[in-house]
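Below, in structure tokens: the form predicted on its own, a single chain.
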Amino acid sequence: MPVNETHNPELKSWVESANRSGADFPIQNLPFAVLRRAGSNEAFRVAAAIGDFALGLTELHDTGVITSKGLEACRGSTLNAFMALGKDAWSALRHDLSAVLAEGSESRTAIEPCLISLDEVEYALPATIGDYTDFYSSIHHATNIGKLFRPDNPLLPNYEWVPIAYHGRSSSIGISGQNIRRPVGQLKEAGKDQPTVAACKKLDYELEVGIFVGAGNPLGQPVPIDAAEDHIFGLCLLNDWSARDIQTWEYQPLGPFMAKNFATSISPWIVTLDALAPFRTRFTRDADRPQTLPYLSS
């Protein structure tokens, strides 16, 4: 992802709140969400964030200020059609949004009515999620979680070689702020001969990063590691909820099941990989640790 004029830290917007020091949504960000006015019967629609406002992309399309395949794909109630277009379309729309929201833009008069205060909105899932995989991206995370179940042997041999993962229940994913129902399942207390069925007593969550995959690949056709970023639309924050006492009993030998599939919370805004380009840094692995196999090395 190249750094370009959309990342210029000196760039300012005619939306004054986007220029505030420490603003979550400056013009250099421009993340995407699906929302509507809270408590209304409006259809949920795709929006981009700028300062204290959401820019409705259906409304923006109707102004005719931007005419692009990417903006046309954002007229629905999810981001799926836009995500499927691929990185060139993602970058092109980001560039167009930056241009019309920049200080001095001649499009301000047409676009300003398309803004909705973030204090007035409610969110839906940004995309229809057909499947998701939860995995350890950090050896430190794997070690900390391993200690919960194997204090004397937290890291199993394969943890340093392959991304350890399981498939979650996509229907349990919700937007941050959702009510979480405490799960009921089998618990086996230390020293007891058999398990009992009861509500979880060790409810836990992990702060993680969610990765939205946009353009797909044919079933069975691998994506080379150097091409992986061509498929990644953006990132969100994610809370992975867990029933640790249920998990302790059920996770061997096939891994998480009921203890991990009752709730996953994500932030409503997706920050594009393009927007994060200036913050890239090189990954290094300690020389005394197993080195990545070539197919996972980039």
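Owing to the predicted nature of the structure, the values given are computational and were not obtained by experimental measurement. One-based numbering along the sequence shown.
FYI, the form predicted together with another copy of the chain isn't displayed, but the following is about it.
Enquirer: I have Tyr123, Ala199 and Ala215 flagged as a candidate spot, so tell me whether each of them has a non-hydrogen atom within 4.5 Å of another copy of the chain in the predicted bound form.
Expert: Checking in the predicted bound form: none of Tyr123, Ala199 and Ala215 is within 4.5 Å of another copy of the chain.
Enquirer: Just to be sure I understand the contacts: of Asn144, Ser77, Ser176, Gln186, which is the one whose heavy atoms reach within 4.5 angstroms of another copy of the chain in the predicted bound form?
Expert: It is Gln186 that has a heavy atom within 4.5 Å of the partner.
Enquirer: Which residue, Gly104, Pro224, Gly130, Pro113, is the contact with another copy of the chain in the predicted bound form, using a 4.5 Å heavy atom cutoff?
Expert: The residue from Gly104, Pro224, Gly130, Pro113 that makes the contact is Gly130.
Enquirer: Hey, in the predicted bound form, is Leu254 touching another copy of the chain, heavy atoms inside 4.5 Å?
Expert: So Leu254 counts as contacting another copy of the chain.
Enquirer: Consider Ser170 of the chain shown here, and say whether it contacts another copy of the chain in the predicted bound form, taking contact as heavy atoms within 4.5 Å.
Expert: The answer is yes: Ser170 has a heavy atom within 4.5 Å of another copy of the chain.
Enquirer: Looking in the predicted bound form, any heavy atom of Pro195 within 4.5 Å of another copy of the chain?
Expert: Within the cut-off, so yes.
Enquirer: Please tell me whether any heavy atom belonging to Leu296 falls inside 4.5 Å of a heavy atom of another copy of the chain, as the geometry stands in the predicted bound form.
Expert: Yes - in the predicted bound form, heavy atoms of Leu296 and another copy of the chain come within 4.5 Å of each other.
Enquirer: Counting any heavy atom within 4.5 Å as contact, can you tell me which stretch out of 46-54, 65-73, 29-37, 242-250 lines another copy of the chain in the predicted bound form?
Expert: Within 4.5 Å of the partner lies stretch 242-250.
Enquirer: Could you list the residues in 145-171 that come within 4.5 Å of another copy of the chain in the predicted bound form, counting only heavy atoms and keeping sequence order?
Expert: Heavy-atom contacts to another copy of the chain in the predicted bound form: Arg150, Leu156, Pro157, Asn158, Trp161, Val162, Pro163, Ile164, Ala165, Tyr166, His167, Gly168, Arg169, Ser170, Ser171.
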